[in-house]
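Below sits a lone chain in C-alpha cells, taken as the form predicted on its own.
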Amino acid sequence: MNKRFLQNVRFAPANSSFPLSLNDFFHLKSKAFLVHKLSESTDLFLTSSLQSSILKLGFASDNFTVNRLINSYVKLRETNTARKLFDEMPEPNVVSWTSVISGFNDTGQPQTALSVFQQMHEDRSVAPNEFTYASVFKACSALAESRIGKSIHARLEMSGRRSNVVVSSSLLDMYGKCNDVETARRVFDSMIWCGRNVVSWTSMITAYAQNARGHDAIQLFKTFNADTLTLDRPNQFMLASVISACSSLGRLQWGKVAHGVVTHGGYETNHVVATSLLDMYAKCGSLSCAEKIFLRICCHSVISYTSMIMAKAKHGLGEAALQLFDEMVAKRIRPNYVTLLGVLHACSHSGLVNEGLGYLNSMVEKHGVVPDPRHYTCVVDMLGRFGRVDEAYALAKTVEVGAEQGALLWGALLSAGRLHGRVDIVGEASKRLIQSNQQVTSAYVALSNAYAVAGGWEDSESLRLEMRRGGNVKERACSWIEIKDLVYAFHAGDLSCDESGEVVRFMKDLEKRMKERGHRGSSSMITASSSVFVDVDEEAKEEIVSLHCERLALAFGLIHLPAGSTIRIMNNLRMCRDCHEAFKLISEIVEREIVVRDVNRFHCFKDGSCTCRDFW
C-alpha cells in the first residue's frame, strides 16, 4: 500500500522555490502540524510534499490525516488524485466518502458523485451523515434527477437525519431544481420543527420563481419579512430570486419594494442583484430606471451588458442596443451567444436587416460564437417582418431543429406570412407546426383565416371543425395593470368587473374624441393580412375592437391612476394593429405615456407615436 501511496506524490522541479521553510522541516514530525499545513495549502507542490512526509512518518494508514490530504487535493480540484488516495484506504470512514463525493460535485462531475454514493450504499460498512446527504442532493440538483433524488430521500427518512436543517435545505433545493415545487413546499413546511434559515427560505422562494409561480415567490418573501421568529435578513440570492419573480409578472411596484430592501441591506453594489434589478425594470417597462441601474454598476460583465442590450432591443431602440454592443466589445468584454441573440433581436425589432445579416455572418469570425437555431430563428423573424418572406422561408428550410425550437422557427415564419398576406407561407408554416404537434391552435387559426381571406370558406370551416374536434382552444387574450399593489386583469369582451359601466362610458368618450381627430377605427385597419374580421359587419367590428382587453385595461388605468403618471399594461398576446393605432392617438389626447408589454416586445406610446415606429 505504501508503494502505491508514494506513486501519487508529485515532487517540485529542481528550479522551483520549495514551499516548505527550514523551520517547517523542524516541525514535520508533528501530525498536528501536517494537518494544519494541509488545511492552509493552496499549492499543489506543497500538498504533494506533505503527502511524501505523511508516508515517511508512517501516517499513511491514519484516516484522520489521509482525510485531510484528500480534502487538500479536492480544494485544488485534483479529484483524480483524491480518488486514488481514497481507493487505497483500507477502511475509509464517512469523512473520506463525503470528501470524495463533495470533490466530484465541486468539479462539475455530479454523475460520478452519485456513483461514489451508490458504491458507499452497496459497501454498507459506513452510514452516510448529514454532509454526505447534502452533497448527494446537490448532485441530484445539478442533474435535475428527481427519480434518484426521491430514492435517496427515502433512505434519508429511514436514517433519522431528516431533522438537520442543512440536509433539509439541500433536499428542498433538489426538488425545486427538479421542478417538483409541491414536494419542495412539503419539505419546507416540515422544516418548521427543525428550524428554517435564510438558505431554506431562499431555496423555496427560488423554486417558485424558477417554476413560473412568481406570485407564490412574492407572498413567501412577504411572509419571511413578517416572521418575527427569525433573525435572518434577506441575502443577495433571495433578493435576486424575488426580483426575478417581479420581472416575470411585470410587478413594478413590488419590484420597487424589493429594490428598497436591496438598498437597506447594502446589496446595490452586488453584481448579481444589480443585474437582476436592471432586468426587472426593463421587463416592467421602466427603461429609464434600468439605465440608471446599469450606469451605477462599477465593474460590468457580459451579463450586465447583455441584459441592457436585450432591454433596448425589446423597447425598439435598435441603434442604441448596437452602440452598447460596440462599447462592450471595445472594453474587451467577450460577447456570448445570448449577447448576439440580443443584437439580432435589436435588428429584428428595428428594421435593421442588413446590419442583422452582417452580425449573423460574422459571429464565428469576430466573436467565436457559432450560430444555433435560436439565432437563425431571429433572422427568419427579421427578414419576415421586413417583407423578405421568400428569403426567410428559404433560410428556415435549411435550419435543422428539434420540435421545441422548430415551433419558434416556423411560428416566426407563420407570423411573417400572416403579416404580409402570404397565404402560401401561412399554409406551409401551419402544416409544419401541426405535423410536429407544436403551437397547433395558433397554426389552425392562422391557416383557417388564410383560407378565409383567399375565399376558401369551406376549407376554413373544415379546419375550424377539425380544431374543435381535437380539443384545441385558442388562448384567451388577457391584459393586466398594476394599481396600488393590486393587479387587475381584463379579458377580451369581458365586462364583469364592478366598474364596467364607468369603463365603457370612458371608452365611448375616448372613441368619440378619437373620431373627431379622424380615427376611422377597425374599418381602416382591415387588410388581406389581418383576417381578424372576416365576414363581420362594420358596426360589429367597432364593437369587437372596443372590447379588446388592452383597451379595457387602459380605460381602467386612466380612470384610477393619477394624472400625468405612466400607464403600464401587460398583454399575453401580440398587440393588434387597430389597438396599436388607437393607443398612439390616445397617448396624444390624454397627454400620457402608455407602455404596453406584449408577448414579443414593448410599445411605448407618447405624443401620438410609438417607439416601435410601426415596425413589429
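Numbers follow the displayed sequence, beginning with 1. Just so it is clear, the model here is predicted, and its values are computed rather than measured.
Another form exists, predicted together with the DNA; not displayed. Remarks below refer to it.
Scanning 253, 415, 235, 211 against the DNA in the model of the complex with a 4.5 Å heavy atom cut-off leaves one residue, 235. This chain lacks the partner; the member of 399, 310, 76, 333 within 4.5 angstroms of the DNA in the model of the complex by a non-hydrogen atom is 310. Within 4.5 Å of any heavy atom of the DNA in the model of the complex lies no heavy atom of residue 81. Residue 272 belongs to the set of residues with a heavy atom inside 4.5 Å of the DNA in the model of the complex. Taking the partner from the other structure, the DNA in the model of the complex has a heavy atom within 4.5 Å of a heavy atom of residue 164. In the model of the complex, the DNA sits within 4.5 Å of a heavy atom of residue 68.
Partner contacts here mean any heavy atom within 4.5 Å of the DNA in the model of the complex, and among 315-323, 110-118, 190-198, 143-151 they occur only in 190-198.
Residues of 159-190 placing a heavy atom within 4.5 Å of the DNA in the model of the complex, in sequence order: 164, 165, 166, 169, 170, 173, 177.
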